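Starting off, we have a lone chain in the form predicted alone, written out as C-alpha cells.
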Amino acid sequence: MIEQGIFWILTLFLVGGSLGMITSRHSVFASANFMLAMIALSGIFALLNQSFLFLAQILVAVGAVITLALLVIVSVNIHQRYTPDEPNMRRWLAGVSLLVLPFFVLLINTAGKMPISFKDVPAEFGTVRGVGATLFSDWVLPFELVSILLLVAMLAAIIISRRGGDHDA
C-alpha cells in the first residue's frame, strides 16, 4: 500500500517535471524540470527493484546529461531578448491538450482494468551482469552509434553557437 502511494507521488513529480520542461520559457528552468522528471523516473526504477537501472538513471541522465545541458546553456549565453516571441503558446497548449484528452481518458480507463501485480522476471534481469551482457553482445553497434551521434551533436551545437557572434551586445 505504501509503495503504491510512493508510486503516485513519483508519478506526479514525473508529470509535473515534464510539463514544466515543456512550458518553461527559460532553458535553465527547463533543464531543472527535466532533472526533476529524471529523478522521479529513477525513483520508479527503485520501486521496481531495478537497482542497476536506478543507478544508471541517476548517474547518466541526471549526473551527465543534465550537467552537460546546463554547461552548454550557460556557455552559449543566449539572452531572453534573442529568443523568438511566442504570442499564441497558451492557445497551442490548450489545443494540444484538447486533442490529447480523449487518449488520456482511454489510457485511464485501460489502466483501471489492468491487474496491479507484475509478472515474475528472470533472476538476471536488470542486474549489472545481465544488462552488460545484453548491451555489449546484442546492442554494441547501436550503443556506439548513439554515443558518436551525441558527441557530434554537442560539438556542432558549440561550433554553431560560436559562429553566431557575440550575444552580449
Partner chain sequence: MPEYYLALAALLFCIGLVGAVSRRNLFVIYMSIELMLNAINLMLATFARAQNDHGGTVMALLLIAVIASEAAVFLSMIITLFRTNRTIDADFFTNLSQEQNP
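Numbering follows the first chain given and starts at 1. Quick caveat, the model's predicted, so the values are computed rather than measured. Take the two forms, superpose them, and find the largest set of C-alpha atoms that agree within 1.5 Å; that set is the rigid core.
Just so it is clear, the following notes concern the form predicted together with its partner chain, a form of the same protein that is not shown.
Chemist: Using the partner position in the predicted bound form, report whether residue 9 sits within 4.5 Å of its partner chain, counting heavy atoms only.
Modeler: No, residue 9 stays farther than 4.5 Å from its partner chain in the predicted bound form.
Chemist: Is it the case that residue 36, even though its partner is missing from this view, gets within 4.5 Å of its partner chain in the predicted bound form, heavy atoms only?
Modeler: Looking in the predicted bound form, residue contacts with its partner chain do not include residue 36, since no heavy atom lies within 4.5 Å.
Chemist: Do residue 63 and its partner chain share at least one heavy atom pair within 4.5 Å in the predicted bound form?
Modeler: The answer is no: residue 63 has no heavy atom within 4.5 Å of its partner chain.
Chemist: Can you name the residues of 120-137 that have a heavy atom within 4.5 Å of its partner chain in the predicted bound form?
Modeler: Read in sequence order, the residues that approach its partner chain (within 4.5 Å, in the predicted bound form) are 120, 121, 122, 124, 125, 126, 130, 131, 134, 135.
Chemist: Is residue 157 among the residues whose Cα moves by 2 Å or more between the shown form and the other one after superposition of the rigid core?
Modeler: The answer is yes, as the C-alpha of residue 157 shifts between the shown form and the other one by 2 Å or more after core alignment.
Chemist: Does the distance between the two CA positions of residue 12 reach 2 Å or more between the shown form and the other one, the core being superposed?
Modeler: Shift of 2 Å or more: no.
Chemist: Tell me, please, whether between the shown form and the other one the C-alpha of residue 125 is shifted by 2 Å or more, with the rigid core used for superposition.
Modeler: Yes, its C-alpha moves 2 Å or more.
Chemist: Can you confirm the direction of the Cα distance change for residue 18 and residue 152 in the predicted bound form, closer or farther than in this form, given it is 3 Å or more?
Modeler: The answer is farther, because the C-alphas of residue 18 and residue 152 separate from each other in the predicted bound form by 3 Å or more.
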